[in-house]
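First, one chain by itself in structure tokens, the form predicted on its own.
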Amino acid sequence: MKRTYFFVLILGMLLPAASQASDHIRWSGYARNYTGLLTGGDQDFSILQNTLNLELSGRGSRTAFLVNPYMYHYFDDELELGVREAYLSMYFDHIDIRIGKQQIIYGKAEGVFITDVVSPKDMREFLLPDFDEIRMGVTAFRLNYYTGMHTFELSWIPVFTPTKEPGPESIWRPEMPFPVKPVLDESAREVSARVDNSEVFFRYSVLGSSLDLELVGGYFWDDDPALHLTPHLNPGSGEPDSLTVRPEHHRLMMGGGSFSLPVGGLVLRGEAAYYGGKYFQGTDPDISGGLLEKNYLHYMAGVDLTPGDWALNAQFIQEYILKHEETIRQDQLIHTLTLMARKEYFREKLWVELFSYIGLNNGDALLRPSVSYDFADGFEVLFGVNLFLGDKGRFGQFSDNDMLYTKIRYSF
């Protein structure tokens, strides 16, 4: 209820901005059909979704606003209405202020969240949707101070928004390696809307003639809940015959940065983050409720190059748990590689692309080849494949979810 009141307050602030900026108001958006077909088993449809995404924006001499409502309609007649962003911006000589629901994006990595942790994620379809749909808006107060090439940014988020998780019956539900079927206890999941539960982030960035650098930090809630385990033993055997799982969000501290630097015909990119107080799932529910708190590093080195009409990108990513213990399920060091190749034909009418995640620890991967064609202004058709390789790991666990899909989109 408190979130609803806060959102109504933000909308109330947007209305006068709209009247002030009435001479520069514009509508844009798109309508889209998204159909996915699983290639295995009975070849079920994995998704049948119709989307309407609208964007209303306006700008005056010192103010601007943006409202981005959307609608998803699914084949089972479920209708989802939401607002991705709805904010008011105010501009002064050296300061910008933005208030309302907004997406806040950090970092330089492609397809990977390292320092990009301000906006929570919609993971109901894993990593398959467009990233502007995976990122969710957060209600925030954001202040930017500019001096020369330097920008100092402070973001205050009064109300916590968690990750949207796949439902219990979803094909994208991650594996839960529990010895017995768990009983879910939701009593500790909610983070109440209080001032002392708010989140704070900062960013310093400098954009020079070549180097693009940013340093970031934050004190916030982990968007993904830790799963506290309570085993209940069978009095006769002493073995667990039931298990209570209690999801709970915990505080994190993060500091890091990213850069991009042109060198000859290449662009070098890097990003790194240090997390303090991350909870990792353990193998023994009798030890600390099946959780161990550790500090954690996440970093990436990447390169972009554009030979001819090709756009190529490669990233090497590592995740490292400091003071790792044998009872932690996750490996101490996880290696992931991403590769992207894209080429255009017929004066940017036809695009061919391959984006791949490769998990080096488990030999698993997600390969995403696609072809898109612009038939006319604003009308695009895309055909693609999601191919999961391996039988375990972050991508191999979804080996039964190989799919063909198409997106037909009209933008206006």
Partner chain sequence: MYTKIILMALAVWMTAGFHATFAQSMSGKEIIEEVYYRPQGDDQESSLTMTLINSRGDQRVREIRQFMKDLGEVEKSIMFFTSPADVTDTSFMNWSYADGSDDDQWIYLPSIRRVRRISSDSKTDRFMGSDFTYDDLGDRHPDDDTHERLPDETIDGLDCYVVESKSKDPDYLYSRTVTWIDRETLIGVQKEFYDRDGDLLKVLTVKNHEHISGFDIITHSEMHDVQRDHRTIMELNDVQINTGVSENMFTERMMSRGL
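A quick note: this is a predicted structure, and the numbers were derived from the prediction, not measured. Positions refer to the first chain, counted from 1.
Although it is not shown, the form predicted together with its partner chain is what the next lines describe.
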query: Its partner chain: the contacting residue among Asp96, Glu190, Glu293, Asp185 in the predicted bound form [heavy atom, 4.5 Å]; finding: Asp96
query: Options 301-309, 193-201, 284-292, 316-324; stretch whose heavy atom lies within 4.5 Å of its partner chain in the predicted bound form; finding: 301-309
query: Interface membership of Leu337, its partner chain in the predicted bound form, 4.5 Å heavy atom rule; finding: no
query: Heavy atom of Glu248 within 4.5 Å of its partner chain in the predicted bound form; finding: no
query: 4.5 angstroms heavy atom contact with its partner chain in the predicted bound form for Arg368; finding: no
query: Close approach of Thr139 to its partner chain in the predicted bound form, 4.5 Å, heavy atom; finding: no
query: Sequence-ordered residues of 93-132 touching its partner chain in the predicted bound form, heavy atom within 4.5 Å; finding: Asp93, His94, Ile95, Asp96, Gln103, Ile105, Tyr106, Gly107, Lys108, Ala109, Glu110, Asp132
